[in-house]
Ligand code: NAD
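Just one chain follows, in the form predicted alone, and it is written as C-alpha cells.
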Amino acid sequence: MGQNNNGAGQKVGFVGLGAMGSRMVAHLKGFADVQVFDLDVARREQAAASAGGEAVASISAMADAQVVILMLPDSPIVDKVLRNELLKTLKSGALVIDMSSSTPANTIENAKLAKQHGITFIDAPVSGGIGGAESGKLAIMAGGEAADFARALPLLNRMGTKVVHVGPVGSGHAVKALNNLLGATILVATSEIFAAGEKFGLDPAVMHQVIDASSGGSFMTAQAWPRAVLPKTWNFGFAMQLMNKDVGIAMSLIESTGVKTVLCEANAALWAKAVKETPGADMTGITKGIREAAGL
C-alpha cells in the first residue's frame, strides 16, 4: 500500500486489544497496513482478522511502523511499553499516539523521552464507551503540536466523529480525566435521585422517560440506564476500577490547580469506597450499591 496525502496506507501498529481497542482497530481496515499486539493471543488473532492486518508476537516486530497506537489500561503500562519496548524498536520519525486514559504528567514526560529518540508522542484519549468504539463514533481529545495532530488526524477520524485538538501534549489526558470525573459525579447523583424516586413509589422506567428528556438528563440516562441499570444487568462495559482511576487522576490535577471542590471530593471518596467493597464490578455497580443501601 503506498501512502497518500490522506494518511492512508501507512504501516500502523496497534497495542492493546481490550474491550475498546479490539473495536477501534477494526475501523482501520482497508485504510492502513495494520499490525496488532496484545498479551492475549486470541485477542491478537481476532483483531488481526477484523482489521485485515497481521497479528505479531511482540512489539519488536513493529520496527517498521510509521505510527503506533496505544490503548492500554493505565499509565504505568503505557510507560513500560513506550520506554522498554517502543523507544528501542521504532525508527526516528515514527509517531506514537496514546489513546489510553493516562496521567497527564506521565504523558508530558513520555513525550520528552520520545523526542530524544526522534519519535513524536501525542495523547488522544477517547470518550463514548464500547458503543462509540463499535460504531466509530468516539469523541477524541488530542494533545500535541498542531503539526503532529494534523498527522494523526486521518487515523483518528476513522475511529471517532468528534476529534478535537485541545492543546499541547498532556491536554487530552487532562480533559479526559476531568470529563470522567464529571461523568462519575453525574452517575452517583443520578443513582441517588432514582433511588429516592423509587422509594417514594415511582416506577424507575417512567422516571427515566421523564428525566432523560428533561434538564436532569445526561449521557448516563441516555446510555447507562437503558443498557445496564433499568434491566439490572449492571454491565455497562466500563470497569468501576477504571472509572476510579480516572477520578483519581482528575482529583490530583484539580489539587495541583488549587481549585477547591466539594462535590467532586465527596464523589471521589464514594468511588474509592465502592472499589474496595466490590472489586471487579462494572461502573454501574455503584448504582446497585446505592440502591441496596436504600433498601431496594
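Bear in mind that the values here come from a model prediction, so they are computed numbers and not experimental data. The numbering used is simple: start at 1 and walk along the sequence shown.
Quick note: we don't show the form predicted in complex with the ligand, though the next part is all about it.
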Just one of 242-250, 28-36, 46-54, 264-272 has residues with a heavy atom within 4.5 Å of the ligand in the predicted bound form, so point it out. 242-250
I need to confirm a contact call. Of M71, M220, L86, I122, which residue comes within 4.5 Å of the ligand in the predicted bound form, counting heavy atoms only? M71
Residue-level question: is W234 within 4.5 Å of the ligand in the predicted bound form, judged on heavy atoms? no
Is there any non-hydrogen atom of I77 lying within 4.5 Å of the ligand in the predicted bound form? yes
Does the ligand come within 4.5 Å of any heavy atom of V166 in the predicted bound form? no
Using heavy atoms and a 4.5 Å limit, would one call G136 a contact residue for the ligand in the predicted bound form? no
At a 4.5 angstroms cut-off on non-hydrogen atoms, which residues of 101-133 are near the ligand in the predicted bound form? List them in order. S101, V126, G129, I130
